[in-house]
Ligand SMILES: NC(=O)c1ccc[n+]([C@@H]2O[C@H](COP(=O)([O-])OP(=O)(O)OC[C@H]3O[C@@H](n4cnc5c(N)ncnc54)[C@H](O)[C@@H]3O)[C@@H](O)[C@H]2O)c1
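The chain below stands alone and is given in C-alpha cells; this is the form predicted alone.
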Amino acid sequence: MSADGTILVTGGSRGIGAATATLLADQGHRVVIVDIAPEPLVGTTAILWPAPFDVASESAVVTGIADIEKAHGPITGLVNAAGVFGKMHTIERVRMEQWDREVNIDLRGTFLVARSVGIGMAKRRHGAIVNVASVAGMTSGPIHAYTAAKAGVIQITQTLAAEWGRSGVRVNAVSPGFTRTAALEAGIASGALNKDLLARPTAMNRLVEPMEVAQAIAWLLSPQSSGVTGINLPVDAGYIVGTTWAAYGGLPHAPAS
C-alpha cells in the first residue's frame, strides 16, 4: 500500500467499515468510503463517495471504481467491508431470495470489487486488499447463506493472493467474531440475540470492538505486514478457541485478585 495512494473502504458508512475508515484517515491516509446508503463520517477526513455503490452489480462496480480512480487517483489499498448479516432460520424456512441477497452482497460483491481494484493494482505491481470475512465462515450456525458466503470470502482471498502475489499485490482476510456494531446492538435490544450467550464462549469473555477489527485491517494493509498474504486472521476475542471447552466443563475462571 503506497502512502500517497488512495484506500477504498466499501460499506464505509457504518460498522466495521466506518471504524476502519476512521482509523486509516486518522493515520493520515487518503480514504474514500462507498456505501449502498452513503453517509459521511463525522470528525474524520475520510472522503464520502456520494453516489450509492452497489457491490453486487458488476456494471456499477466497474464504473464506480473507474470514476473513483479518476477523481482521487490510483487505489493502492482496498477494504471490502460491505456486507449484510444472515437471517437466522431453520433450513426449511430459508427463502432463496434471501439466500441470493446475502450471497450476492457478501461473496459476489467482495469478488467483484476485489477484481476491479486488484487488476489495476497488479498492472501497477503494488497494492494490498483486506476482505472482511467472519468466524461464521469458519464454523456452523443457523445463518445458512451467510456462513456459506463468508467461507467463500476466505477461499477467494487465498486464490487471489496466489493469483496476484508475483504482481506485488497482497490479499488477506480478517474474520471478526461477534462485534459490537450498531447492527449487533440492535439485535440484542430486540431480543433476537443474547449478549451473555455471545460473549460466554469466548476465551476473553466479551464481544469484539469494531476498532479492534479496524486495527487488524490497518496492519494487514501496512508495510509492517509486507510478507503476509493469503491469510485469514480471526479477530474474535477467542471465540473459536473457547467454544469447544464446553465439552470439558467450560472455560476456567480468572483467579481472584
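Position 1 is the first residue in the sequence shown; the rest follow in order. All figures in this text were calculated on a predicted structure; none of them were measured in a lab.
Keep in mind that the form predicted together with the ligand is not shown, yet the notes after this line are about it.
*Asks:* Would residue 85 sit within 4.5 Å of the ligand in the predicted complex, counting heavy atoms only?
*Replies:* Taking the distances in the predicted complex, the answer for residue 85 is yes, it comes within 4.5 Å of the ligand.
*Asks:* My question is simply whether residue 178 lines the interface with the ligand in the predicted complex - judged by any non-hydrogen atom within 4.5 Å.
*Replies:* Output for residue 178 is yes: heavy atoms within 4.5 Å of the ligand.
*Asks:* Could you tell me if residue 49 has a non-hydrogen atom within 4.5 Å of the ligand in the predicted complex?
*Replies:* Because no heavy atom of residue 49 falls inside 4.5 Å of the ligand in the predicted complex, the answer is no.
*Asks:* If you check in the predicted complex, is residue 71 within 4.5 Å of the ligand, heavy atoms only?
*Replies:* No, residue 71 is distant from the partner.
*Asks:* Choose one stretch from 165-173, 77-85, 119-127, 90-98: the one whose residues place a heavy atom within 4.5 angstroms of the ligand in the predicted complex.
*Replies:* In the other structure, the partner sits against 77-85.
*Asks:* At 4.5 angstroms, heavy atoms only, are 16, 37 and 105 all close to the ligand in the predicted complex?
*Replies:* Every residue of the spot touches the ligand in the predicted complex.
*Asks:* Between 146-176 and the ligand in the predicted complex, list the residues on our side with a heavy atom within 4.5 Å.
*Replies:* Residues within 4.5 Å: 146, 150, 176.
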